[in-house]
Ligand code: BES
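Shown next as structure tokens: one chain only, the form predicted on its own.
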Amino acid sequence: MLSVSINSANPAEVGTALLIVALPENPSVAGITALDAATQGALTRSIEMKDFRGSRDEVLHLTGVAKGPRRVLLVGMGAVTDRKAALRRAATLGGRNAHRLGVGEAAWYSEQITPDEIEAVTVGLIAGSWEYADLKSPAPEAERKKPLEKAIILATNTDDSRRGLASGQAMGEGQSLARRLAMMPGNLCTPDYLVQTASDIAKRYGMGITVLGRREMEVEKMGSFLAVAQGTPQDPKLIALEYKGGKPNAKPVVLVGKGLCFDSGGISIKPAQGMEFMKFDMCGAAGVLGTFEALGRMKPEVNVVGIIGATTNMPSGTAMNPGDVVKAQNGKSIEIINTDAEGRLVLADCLSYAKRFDPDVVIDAATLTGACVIALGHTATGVFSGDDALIAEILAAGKRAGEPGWPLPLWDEYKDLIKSDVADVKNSGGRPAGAVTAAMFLKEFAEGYAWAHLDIAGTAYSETDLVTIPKGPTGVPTGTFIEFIRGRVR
């Protein structure tokens, strides 16, 4: 894991293998004249010759510097409208390039920088340097490069800047945990492994934890969750983590994460092409665990509960069938139309279980529907709630985290699409408004408290390289969860 620190050294004099310098569109060397001198005017020539224009995601690598930093990497921020977001993105790209170069350690400079911006840079550097190499054989020694292990942010070293660094490190660690869990193959990241991870977090930070297995869920009459789990020999797990940083009588924020460690689709089996990406169907759960890792480090004065529903969805002789009817914990009967609409079945009982914590608000996150990807692509998370103020709060949190969301309707007119002929509700309304009907289904089980649903199917992972980070898990919705909780403390 990348270790980040602060140093007030002059960027022209810092002895580092790589100095990353973030510059806006149409840059000048006014703030880096000493560094320009150290490079014998190379920065000025690069800018004057338009070799570097400061466009977003543009990079220029200069090497062979005579003194001070041995290499300089210029990173463009583009036309800056949100400096914190621009710095975070530039730092992610800078961290990724530094990791590729194999320099081992690097320094960051972006002129005057506030504590909030130090936080953003720290998060970005950690995100950019992250790599999942746990299962790869080491490269031959002659070809081996040093991973980026240390980074220095060149800034004034004050109490406020150190607080910004600490919160950035906590957020970065949380997002890294979420990405690691998501990237693990389904035969390793099992429901039992998620329990181990949650137990480790609880032990290290003194949190409470409750774990329900198949037998305990039978006692709780969680027929909806158990219907998904009846096709797999792995023991399903409902995990509840409790962080008690607020007043004893203060109602908690409850975060609920879908934890399908692998989703084959069950009897309604998915096409073979791309099915390997269904290991990412537990990104909601990974986001909850990443958030609790960050909470343990940040220690905000708020109470938070994290609920994870973990299992796999497999076809077998015992698997649920289309046409089956099951009963959820809250007593509602559900007709199974499509066994691949399983995440909402797991979340239904998790949302009912959340009520016992007397929550202030409940937010669930799930890679729930392909329909949300069609609607919003891979840029924005779908946000659903009947509470406009809560939607605005979540959207603001997502913006601060660099995880944009967009509201979608949750109107009563859509409820007709999930009416069943034989049960209270059916688990699929078909193709029209698929993301909306999935949220409408969840609403049936989110009773008695303020609730919002995040459909992260398009944002939790990417099947292509995203420039700043490689294809794979993005860490969404960890940042949104953390910022939402911090907003509640403020």
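Residue positions are given as counts along the sequence shown, with the first one as 1. The structure displayed is predicted, hence computed values, not measured ones.
Heads up, the form predicted together with the ligand isn't pictured, but that's what we're talking about next.
- With the partner omitted from this view, the residue of 246, 370, 102, 322 that lies near the ligand in the predicted complex is 370 [heavy atom within 4.5 Å].
- The contact with the ligand in the predicted complex, taken as any heavy atom within 4.5 Å, belongs to 258 out of 237, 179, 88, 258.
- Using a 4.5 Å cut-off to the ligand in the predicted complex, not one of 170, 292 and 400 places a heavy atom inside that distance.
- Using a 4.5 Å cutoff between non-hydrogen atoms, residue 362 does not count as a contact of the ligand in the predicted complex.
- Residue contact check for residue 446: none of its heavy atoms lie within 4.5 Å of the ligand in the predicted complex.
- Although the partner is absent from this view, residue 457 contacts the ligand in the predicted complex, with a non-hydrogen atom inside 4.5 angstroms.
- Using a 4.5 angstroms limit between non-hydrogen atoms, residue 338 touches the ligand in the predicted complex.
- Proximity to the ligand in the predicted complex, taken as heavy atoms within 4.5 Å, picks out 270-278 from the listed stretches 124-132, 181-189, 237-245, 270-278.
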